[in-house]
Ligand SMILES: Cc1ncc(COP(=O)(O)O)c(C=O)c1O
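Next comes just one chain, in structure tokens: the form predicted on its own.
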């Protein structure tokens, strides 16, 4: 019998990474016919018009390697952003690109910095490459730029990871905060900014990070088609980075590493135009309705720029999540992400949000006694 622990370089996980409590299991356990997933920040509005049709049409070319589709995707993203194709590197989801960047930059013992409250995978991926992960404290549940910089300087970190808008809190950096971070960041440290949720933000409110890449600053931007564009099942994302870095990422990832249907769907998303703007307004309206309803029910929702709302609820978060689950509504207990007493709820269409608010109000009232 092979002793795998003596051969692999990673420790065994504490639990089965594929045992994540699927919807079918939850339905069976709770005796439900319907379950609504409000706990993974998926796009409950669905893909934009014409996107799935573009993916289906591309399946006719599934017998070929996606060389031409890959090149066309890079060209179209570059034109959409106003940059050059050499700065665009596709990947099968932002998660894969996080791993590719960690592999590209880090040697065992290198140090990285992450905010205390942010997406878990940054630290996990870096630790898996042997890096030492340092957490920078947040201030009132917001990313504290000064604390990030202090931690970077103290540890001589090679990478600082940012999620903006941030998950799980939903907040965004202010323009002055980003400018200060960029000006004060040591040249030996790379800022990797995950903008998975940025497409929910109005164009005029977004920070000019592409300009920093164009200037040759140590900045890498990640973008995703999973959230706003509703393509989580197709696994598509890309980096915006200096061409010298994208060349090296190509050595880490396999050639033409994204399937043709996903690339075609991504290109169709970029052409959505007015439909994308209308979707942005729909999400904002539903998000405000959800936040107002939570507030009326006695909770304290945080300002949010993404497709979810984090709220302090004043009762046990796991008990409230369990009560909502019994009604077929799955929300994320804050205890899962280090925030006991909070819940995170994905934004969906207005009728669904009204249902969520009513169920939340009843559940919280019952728990409050």
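Numbering follows the first chain given and starts at 1. Quick caveat, the model's predicted, so the values are computed rather than measured.
What follows is about the form predicted together with the named molecule, which we do not show.
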| property | result |
| --- | --- |
| Contact test in the predicted bound form: residue 200 vs the named molecule, heavy atoms, 4.5 Å | no |
| Residue 122 within 4.5 Å of the named molecule in the predicted bound form, heavy atoms | yes |
| Contact test in the predicted bound form: residue 138 vs the named molecule, heavy atoms, 4.5 Å | no |
| Partner proximity in the predicted bound form: residue 99 to the named molecule, non-hydrogen atom cutoff 4.5 Å | no |
| Residue (of 93, 293, 218, 85) lying close to the named molecule in the predicted bound form, criterion heavy atoms within 4.5 Å | 93 |
| Contact assignment for the named molecule in the predicted bound form, among 104, 246, 167, 151, heavy atom within 4.5 Å | 167 |
| Which of 69 to 77, 234 to 242, 206 to 214, 141 to 149 sits within 4.5 Å of the named molecule in the predicted bound form, heavy atom basis | 234 to 242 |
| Interface residues of 183 to 216 toward the named molecule, as seen in the predicted bound form [heavy atoms, 4.5 Å] | 194, 196, 197 |
